[in-house]
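Form predicted alone, single chain, as structure tokens, below.
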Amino acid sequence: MTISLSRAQSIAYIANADLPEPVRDEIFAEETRVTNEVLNPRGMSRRRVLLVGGAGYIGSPLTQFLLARGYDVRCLDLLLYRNRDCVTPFLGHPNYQFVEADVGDARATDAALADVTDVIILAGLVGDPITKKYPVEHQAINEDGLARFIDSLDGRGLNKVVMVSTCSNYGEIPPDALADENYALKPMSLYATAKVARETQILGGANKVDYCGTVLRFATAFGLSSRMRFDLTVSEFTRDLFSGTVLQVYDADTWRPYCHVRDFARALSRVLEMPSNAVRFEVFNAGGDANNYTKKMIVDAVQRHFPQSRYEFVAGGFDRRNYKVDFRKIKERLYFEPEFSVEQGIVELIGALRQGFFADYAERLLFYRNEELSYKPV
């Protein structure tokens, strides 16, 4: 029997040429299954992925990656951070749709889910400071809105639902320990507590819902994006030392894992493309062992480019989180390793800063930092 390949099948097979041949065959078989069981019954030629919160720091490069990969992309985003410009480059693309709506708006999300094959959930107030500053809005979005949205996914014939969570869920662990996916969770903020609750909600659907659910616990993001953020460690330290600001570094010896936004796009794509039985209701730490860094290590890496820059280490910060993370599972099970090191991300950002990009930082703090918002719950 001759099997006609969809465009997505062909692209997925070619794009994964670096993987072992048996794995490529598994990916091809998965795309064949999706074509026969999901696309053909709906009269669709391509998978359509709904990116919930898809206009943000990670969602913007993810959109570009998935469009190039042959997917249709529908983005649902409320544009809380005056980030409308991040959507503009995609509006003319024939395979892109944008819906400006709140994840808590049941009518809007119901419409956005029409003819969707897969869902990636990125949405939410992201980070400890903003959820602490806006607890009412946090409750409306990260707790109530996302919980209702996840509850609404069953029964739609979706293929895969990927929940983006955070390694921040590990909280504070001993300095000689590595947190794998079975390590005890110790959320230390409203943000992480909500992420743990949404993880539990997704994973609780095993053997109950009609889609394949997966949780990715993301490392701390770095790298260039059209919705650049300068309130995250690598980008903040790099911009401050580049600009001559005296950088204050609290608790310099605390550990975090880091991962480039384009590597996150690859990891999410890998979950979409791998066989369902490899990712079904599994949790994966998303990142790479080599990018476990202390804050001091990041300062040292940046200062090598600016030896005259000034900084000071300060003890007793309010953020006690300290965790190194084990990424063996995603490497061994999904054949994923980051392509970008922290050092490469620093060099990439320095190059952009030297060319005058982000010179409007002081005038657009609400865009570049998750610190202020104006939101009315639906």
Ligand SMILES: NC(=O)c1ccc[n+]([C@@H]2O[C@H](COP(=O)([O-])OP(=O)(O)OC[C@H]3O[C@@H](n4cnc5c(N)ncnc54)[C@H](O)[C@@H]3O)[C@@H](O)[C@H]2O)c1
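Here the structure is a predicted model, which means the values were calculated and not measured. Numbering starts at 1 and follows the sequence shown.
Below: the form predicted in complex with this ligand, not depicted.
- Though the partner is left out of this view, G59 does reach within 4.5 Å of this ligand in the predicted bound form, counting heavy atoms only.
- Heavy atoms of A101 reach within 4.5 Å of this ligand in the predicted bound form, making it an interface residue.
- Contact check for N370: a non-hydrogen atom falls within 4.5 Å of this ligand in the predicted bound form.
- In the predicted bound form, this ligand sits within 4.5 Å of a heavy atom of R227.
- Looking at 334-342, 25-33, 47-55, 349-357, the stretch with residues near this ligand in the predicted bound form, meaning non-hydrogen atoms within 4.5 angstroms, turns out to be 47-55.
- Site annotation in the predicted bound form: the residue of N291, S269, S235, N83 reaching within 4.5 Å of this ligand with a heavy atom is N83.
- Distance criterion of 4.5 Å from any heavy atom to this ligand in the predicted bound form singles out L76 from the list V302, V215, V73, L76.
- Taking this ligand as positioned in the predicted bound form, none of the residues of 250-279 brings a heavy atom within 4.5 Å of it.
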